[in-house]
Structures are given as structure tokens and as C-alpha cells.
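Given next, in C-alpha cells, is a single chain: the form predicted on its own.
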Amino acid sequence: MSGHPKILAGAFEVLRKDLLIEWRTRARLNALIFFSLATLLLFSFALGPDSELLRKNAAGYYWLGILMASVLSLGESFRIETENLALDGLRLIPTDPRAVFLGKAFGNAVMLWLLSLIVLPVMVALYDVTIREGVAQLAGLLFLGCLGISAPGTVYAAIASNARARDVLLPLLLFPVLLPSLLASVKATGLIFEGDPMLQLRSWVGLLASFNVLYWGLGFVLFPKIIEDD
């Protein structure tokens, strides 16, 4: 138990470092916003003028835009660490590798959550969506979904960070693992958009939360071995 405060303190420092770098440059968030908006526009162009079909599938397109942007965000989060041997520096300081995982994963989740909130009004206007179950409930669901992407994404970004074809390797490793949590996120978001007369929302949110516990637990256990083998 005595090691837990040290892990949390180390995770906070890693998180603070990443957020401070992003606040100073804002390069990653700006790129993610434009990429997500372009993705949503491409989906709307592909389906044509059928507004009913756009509205029906809005939740899926919304999460696909976030998912594809997450690959850029996750890869960039570890590109920073590989430059100038910064990751080696993190290994050398007396910080538990699990703290690095928690800090990086939570930072990635916060970045994706901010992205999802920023592009949400554009998606609502573009796809003519009505949020029937409440904005606060949707914001909480989006954060759960972003947590589900960030935990395995951080693990696989660390694995792919030193690969020559890391931009190709990361989505190949990540997308199959994310299918269950992505499905739960899409279904729950669709119920918030369209209404939940059958009271299914709680079941999908519970399923998403269960996957988050699994992903974060595995990442917490496996991450030290991953960066040692890097």
C-alpha cells in the first residue's frame, strides 16, 4: 500500500508534463480537431442528401471520427518521448513504470474527451441530431468511451513507438481490441441521441465500464514489461 501514493504522484507529474506541453503548443489538439471534422464531412458526403440515414447512423460516424483521430493522438504522445531519448530519461528517474502508464493514458483520455466535446456541436448540426437524454449524461459517456480507447491505445503506442512502420502498426494492433468497447460506446451514444424507451442505456454503459476496468487493469500490469523490453 505504501507504494500507491508514489505511483499516483508520479502519474500526476507525467500527466502534468504532457498537458503542459500541449498547452504550450496546441499542435496536437488543433490537428485532431481538423482531422475529425474532415472525417465527419467525408461521411456526410459519402451518404449524400439522405438526412434520415445520417441521423440514424450519427453515433457510429461520430465515434469512428474519434477513433481515427485517436491513432494520431496516441502516436504523437509517444513520439514526444522517443525524441531526445526522453523515454530513457523517464526510466532512469525513480518513477514506477505504472505511473508512466497512468499519466500517459489519462492524458490521452483527456485529450480525446476534449476533442469529442469540441466537435460535438458540429456533428449535431451536420447530422441534424437531437440529444434526448441530456448533455451531461452524454459528456460522461464520452469520457468513459475515451478512457476505453486510451488505456489499450497507450499500451500499443508504447509497443509501436520504436517500430519502423509504427503509423501502420498501431491501428492494426489497436482496432481489433477496441471493437467491444467501441460497439458499446456507439450503442449507448445512439440511445442518448434517439431516446431510450426500453431502458437499455444502463446495460451498454455497464458493459463499457467493464471493458474499461479490464483494459486499465491489463495496462497497469503489463506496461512495466513493455517499456523494459523497448
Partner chain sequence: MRHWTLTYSSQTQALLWLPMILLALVLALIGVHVFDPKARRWTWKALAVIGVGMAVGQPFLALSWVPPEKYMGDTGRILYVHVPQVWMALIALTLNFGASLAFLLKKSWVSDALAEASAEVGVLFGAVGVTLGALWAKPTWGAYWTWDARLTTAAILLVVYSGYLALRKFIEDPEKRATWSAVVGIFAAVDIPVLWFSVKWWRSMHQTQSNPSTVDPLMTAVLRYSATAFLALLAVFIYQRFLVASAKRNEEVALPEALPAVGGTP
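Residue numbers count along the first chain shown, from 1. Values in this document were obtained by computation on a predicted structure and should not be read as measured data.
Note that the form predicted together with the partner chain isn't included here; everything after this is about it.
- The partner is absent here, but in the predicted complex a heavy atom of A163, alone among A163, L41, L47, A31, sits within 4.5 Å of the partner chain.
- This chain is drawn without the partner chain; in the predicted complex, the residue among L54, L173, L201, L64 with a heavy atom within 4.5 Å of it is L173.
- By the 4.5 Å heavy atom rule, the three marked residues L179, K187 and L218 all count as contacting the partner chain in the predicted complex.
- Residue contact with the partner chain in the predicted complex: V155 places a heavy atom within 4.5 Å of it.
- Shown alone here, I226 lies within 4.5 Å of the partner chain in the predicted complex, counting heavy atoms only.
- With a 4.5 Å cutoff on heavy atoms, L222 counts as touching the partner chain in the predicted complex.
- Contact annotation for V71: none of its heavy atoms lies within 4.5 Å of the partner chain in the predicted complex.
- Residues of 110-141 are not found to place any heavy atom within 4.5 Å of the partner chain in the predicted complex.
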